[in-house]
Each structure stands twice: as structure tokens, then as C-alpha cells.
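One chain follows as C-alpha cells, the form predicted on its own.
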Amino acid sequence: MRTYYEATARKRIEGIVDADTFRELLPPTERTVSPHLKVLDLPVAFDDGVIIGSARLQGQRILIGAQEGGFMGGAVGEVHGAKLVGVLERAIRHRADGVVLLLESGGVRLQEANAGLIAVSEVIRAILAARAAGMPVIGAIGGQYGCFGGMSIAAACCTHLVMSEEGRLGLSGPEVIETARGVEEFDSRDRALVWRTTGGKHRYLLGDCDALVEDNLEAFRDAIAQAVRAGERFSLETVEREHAMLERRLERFGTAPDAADIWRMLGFPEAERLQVLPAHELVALAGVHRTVPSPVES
């Protein structure tokens, strides 16, 4: 088994798509780098920390983008965001079967400030445009840097989200919360607290992600391919159901001080044991306990 968590963005693409089908757009040989980092005399990457291209996934025609956490924590700048927008728009033009986004990002690059913020907003717009055109957009999270900041909003806009236990998803990162609210509010050094609050298991139980898989490329590939086959179900009714689910969740769990308390309220016996269960055992146990069914399951 090949770990998703430790793989680079290129290795993730290689392990997920069908062999010898990936065709990269704007490869490093094109040297499409951030103009803002050069001005600040900061290191640049010739792919600006994101790899995009076309491929096949179990025979299905897809466009794919993978963020590289090893470059600036996958943070989004002007060029980085434009490449993601471009791959989404190309998918619409070429009537692909779906778009796959392998997300790993700490948010927007502070060095690119407004340009990065605009780039993230354009990525979100492009995701919604692809979905409105009837094209599923599948997000996957399982890397070392998680998915935070503006890219967490983009992740929430995807048709279907696949995570591993090791993946993390949140609007604000643990260090940001601790800095703003103090260590009493959230201790970023408490790894168990961080993972049970933002990690894949908790996100799956709350319905923030649709599939929880083991940390290997094969499991991600199968779950992503299944989600592409399931297609797009974007409608006003879908959005309204999502809003209603979020309202009910806030009413039900809004005063819970810890994720483990939410698990107990969901009806799990010995909630603390969930932290040590393998992903497939937790999925089997979840059953009716989850707050919302997966689009593939429903």
C-alpha cells in the first residue's frame, strides 16, 4: 500500500489516475512562476505549487489538479489559483466526466495578500460553474498540511469530498485559533484535540465529508472514481437541504465543548474508542449515527 499522506502532489496523481494517461498542462518546463514572490526575493517553484492536467480514472475522462504542500504549505497565490481555475474551465469546455482536486493548503499566501484572496474566490466560482454545468467536482484531503483557510471553503463547495483520518479540514488552523483566542480555547500542541476536531473521522461523522478511507492511494482512487461515476446533483433543493442540515447541527451540538461529546450525542457507545478505530471499522459502525448520508450512499 502506498501512503497518500506522505506522497508528493505528483506521486498522488500518478497513484490515482490510470497508468500513462496523465497529460500535464503548464508543466515546470514552462516556468510559470509567481511574479509577487520574485519581487520579494522569495523562492519560487516552476509549477507554483500546483500540478494540473487531464487523465483517465478507471476509464473516465477527468481533469485533475493537485496542490503541493511541500511548497509554501500549498498556499494559494495568483498563478496557483489561476491554474486551478483554468483546469475547471477546461473541464467544462471539453465536457469531461468530472474534475478531481487533490487539496492540501494552509490558505492564502500572506505575501500575495489580495491577489491570493481573489484567486481563491475565483476557484470557488469556477467550482460552482462546473457543478452548474452538470459536472461533478471531487475533492480529496489527506496530506500533511490539511486544508484550511479559503481552500476549506472551496472544499465545501465540491460535489463530493473524500478524506482519510490523517486529513484535516477547517476554516481556521489550530495555530490561528490559539493566537486569536488563547491556548485555553484551543491548544494547537494537543495533537489528539486537533485531529478529533478537524480530522477526517470527525468530518465524516458530521457529514462534512462523504467518504472516509484508509491512508493509501488505492483507497483514495477507488472512492474518487466512485464519486465521479455518481455524477452531479446540484440544485436549489440540494443547497436548501445543506443549509437545513447545518442549522440542525448548530442547534444540536452548538454547546458541545469537545468532539467526543458530539460523538456521544450521536449515539456512539464508548465514543473515545472512535479515535483508535481504523477508518473502515468506523464507517461500518457509523450507520445511522452520521448526521447526513453521503451523496453516493443516498
Partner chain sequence: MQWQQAAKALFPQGHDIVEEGSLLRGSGPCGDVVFAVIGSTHHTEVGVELALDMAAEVLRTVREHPGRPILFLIDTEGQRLRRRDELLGINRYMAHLAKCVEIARTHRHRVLGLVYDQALSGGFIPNAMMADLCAALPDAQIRVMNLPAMARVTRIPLERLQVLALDSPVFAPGAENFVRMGAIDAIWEGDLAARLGQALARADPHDHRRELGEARGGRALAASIVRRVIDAAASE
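Quick caveat: nothing in here was measured; it's all calculated off a predicted structure. Positions refer to the first chain, counted from 1.
Unshown form predicted together with its partner chain; subsequent notes refer to it.
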Exercise. Check each of Asn216, Gln226, Ser121, Gln144 and return the one that places a heavy atom within 4.5 angstroms of its partner chain in the predicted bound form.
Key: Ser121
Quiz item: Can Val100 be called a contact residue for its partner chain in the predicted bound form at 4.5 Å between heavy atoms?
Solution: no
Quiz item: Does Ala230 reach its partner chain in the predicted bound form if we count a contact as any heavy atom within 4.5 Å?
Solution: no
Quiz item: With a 4.5 Å heavy atom cut-off, would you call Met245 a contact of its partner chain in the predicted bound form?
Solution: yes
Quiz item: Hey, in the predicted bound form, does Arg23 get a heavy atom within 4.5 angstroms of its partner chain?
Solution: yes
Practice problem: Could you list the residues in 61-97 that come within 4.5 Å of its partner chain in the predicted bound form, counting only heavy atoms and keeping sequence order? | Solution: Arg61, Glu78, Val79, Ala82, Lys83, Val85, Gly86, Val87, Glu89, Arg90, Arg93, His94
